[in-house]
Structure formats: C-alpha cells, structure tokens
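The chain below stands alone and is given as structure tokens, in the form predicted on its own.
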C-alpha cells in the first residue's frame, strides 16, 4: 500500500476584511463574557490563585519557559477583564485587583494568547491542585474573539471553507467521487474481490461514515483502509458526497454558531440517508465536537447514535467480525493520545485493545491516556502559520516521548495529530512512520 503523504498546506489568507468596527467588537466581546460567567463560569474566573503549579503541565511553557506562557498567566488575560466588569473592587478600584478595561487592542492581546499560546488541550486543568478549569477560561477568550471578529485569518478561512463548500479543504464533489472510484479499484486488486466498492450516497445503510477531508486529498490510505476493514466485516455503510467532513473548525475558532451549523448538516444528512448510526473517522476534535458538544449546540440529542471508528474496530475484533494476525505488524508501535479524544472526550481504551491485538510489539508513551502531552498541533494551530515556529517548538515534548519508546510506528486516531507528528518526525529526526489505527487493522487482516 502507498505510504502516507506528508504534504501540508497553510490555509492562511491575507487581509482583515469583514471585522466589526472596534466599538462593536468590544461590546460583543463583553456581552459574550457576561453570558459565560454565570454560576460555574464565575467560580472559575475567581478561583485561580496563580500559584504557578500548572507551569510544567503545559507543553508550550516547557518548550518556551516565558512567564507569558504560564497557563495561569494566559487565563489572567481574560480574568482581569472579568474582574473589571463583574466584581465590586474591579469596578471601583481596578488597579488594586489587576482589573483591566477591554479595548480593541486588548482583544488582540487576548487573541495572541488564546490562539497562539494555547492549544486548548486541557492538561493544565486536569492537573490543577484547586480544580480550576483554565481551559474553560481560555475558551471563553476564544468566543470573545470570535464575536469580535478577531479570529486569526488562516483559521477563519478554514471555517469559511467548511460553511461555503461543505468541507475544510474546499474539495469539489467531483474530486471526492473520483477519489472514491480509484480507491475502489485499488481495493479490488489488493483484496482480490471484483465486487468490492466504496459506497457513496446510498440510502438505508446501517452506518454513515464521516471522514477528514485530508483522507481524500493527502491521506487516501486511511479511507482505503477503513473501506477494506468494513468490507472484511460485511458492514452496511456509506459515505456522503455532500456532507463528509468530520472536522469542525468552528469549534477551534470559538465560533459556536458555525460549529452548530456544521454539526446540524451531518445530523440532517444522516436523516436524509436513513442510516442507523454515525461513525466518525479518526479525529480528536471531530469526536469531541460531534459526540459531546454537538447536542449542546443543537439543544437536542441526535436521532441516531454517534461513535468513533476506533470503537467500531474494537467491536469487530472482539466479536470476530474481522480476523487479524498480529505478526503482520511486527515493528514496535506506540500510541499518541489526541487530547480531545482522550483527556476531553473520555475515549482511551478501545484503541489500546485494538492495537494490542493487531501489533506484535505495542508500547506506551510516558505519560499517557488522560495525562498525555499535547502534540502541539491542536486548537487549530495547524491552520495558523503565524504561530508555526511555536507550534513545532512546543512539540519537542512529544518528540522526546516518542524517542524514549524506541517505536518505529506512531499510531494516532487523529489526522490533525498525524500532520503535526509527521512534521515533528522530520524536525527532530525521529525516523518514525505515522499511521492511523484503522491502517494497522487493515494491515493485520487475515
């Protein structure tokens, strides 16, 4: 099979058109802050004592130990504004409590912090001695920037692509269909079955499989592997040529209106095709967006269940729907845990059960699971080239983890993570191959 393509394209676009006037942007940001600090939100804004114990939990601070990269200091860019408008002393003696007015310039400072110095990985929150959810505070900052029209240009362009074309890479429907056709032809040859094909827009199937557009453009091995495994399992499934994108850059941007719309489209397409279940391709934030945030954004539960493909692979192997041979994946394999899938999504064990059954030599990174370090590519960082140097530098923590395992293959159930890990392997001379979990299952099919 063809090895994974390591092409990466920036989505940054020039210009700053379409932003609200500064005054309207400030007012919109203040309204968003006010809506976010009721009850639990207000507690979070008041709880951080800036003890600094969160420092070593942050991969960005570990790579660049600047006080501006301390999670508590990053959060203070938002909490200082909260104190100015929502506390007694902040309103009357702002200098005494470090309260700050919100201005257009301060929104830009917040933008640099929440998008450029934080991947929203949540590791600081899960390790806080007081239980302060610093990630939540920084997400409030992203929402403030979003309503003020100050989302970074590259990230905004990716959101616009999704809304305007149906997928983040603006792949035309004709290209999508052409790719599924030649992948079907390759699979027929590899699996020796002339009846094999990748179904598209077929109604009444059990599963709607939603993928990352990079599987069409750069990583067709992942889509081909999934189709091969589904065929081996005798699965009833289909893709949609119109709504196939599992990613949700509205979520990354803090633009909840866009995030809601992207989730709605997938849910409606599932209904139109009459499927029984939505299966999400390997995508950390896609899983978090659809599985957990989506019902909140929509204000209702989905009509059909939503699961990750790693859960489905686990079921296939456990119940014997597919037969695998561990010796077909003989090289040492380690696993990178995507933050939004594991720490913030609660899905840590299915992929491990799968890898133990389809690989001969599986080893864990240290630390792992919920305490895993972010690879550095989360939070939409890959779409914001202005932060590229910091992104790659922050990945040294992950590179050191990988090197310590002695692995030749890094499995990760997330294409955003895969993009970052490919770049880290080059920059830090790791010499590892990056694979999706489904690729290793396909390799191991008997």
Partner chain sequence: MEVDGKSIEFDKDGFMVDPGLWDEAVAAAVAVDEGIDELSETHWKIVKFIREYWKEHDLAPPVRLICKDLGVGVRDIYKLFTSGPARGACRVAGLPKPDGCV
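From a predicted model like this one, the values you see are computed outputs, not experimental measurements. Residue numbers count along the first chain shown, from 1.
Keep in mind the form predicted in complex with the partner chain is missing from the figure; the text below concerns it.
Peer 1: Check for me whether the partner chain, as it appears in the predicted complex, comes within 4.5 angstroms of all of 119, 395 and 412 - heavy atoms only.
Peer 2: No, the candidate spot makes no contact with the partner chain.
Peer 1: Of the listed stretches (274 to 282, 200 to 208, 160 to 168, 318 to 326), which one has a non-hydrogen atom within 4.5 Å of the partner chain in the predicted complex?
Peer 2: The contacting stretch here is 160 to 168.
Peer 1: Considering 173, 179, 103, 307, which brings a non-hydrogen atom within 4.5 Å of the partner chain in the predicted complex?
Peer 2: In short, 179.
Peer 1: Taking 4.5 angstroms as the cut-off for heavy atoms, does residue 224 touch the partner chain in the predicted complex?
Peer 2: Heavy-atom contact with the partner chain at 4.5 Å: present for residue 224.
Peer 1: Although the partner chain is absent from this view, report whether residue 217 comes within 4.5 Å of it in the predicted complex, heavy atoms only.
Peer 2: Answer yes; at least one heavy atom of residue 217 falls within 4.5 Å of the partner chain in the predicted complex.
Peer 1: State yes or no: in the predicted complex, is some non-hydrogen atom of residue 64 no more than 4.5 angstroms from a non-hydrogen atom of the partner chain?
Peer 2: Contact check for residue 64: no, nothing within 4.5 Å of the partner chain in the predicted complex.
Peer 1: So in the predicted complex, does any heavy atom of residue 244 sit within 4.5 Å of the partner chain?
Peer 2: Outside the cut-off, so no.
Peer 1: Using a 4.5 Å cut-off on heavy atoms, what residues in 385 to 403 are near the partner chain in the predicted complex?
Peer 2: Contacting residues: 385, 386, 388, 389, 391.
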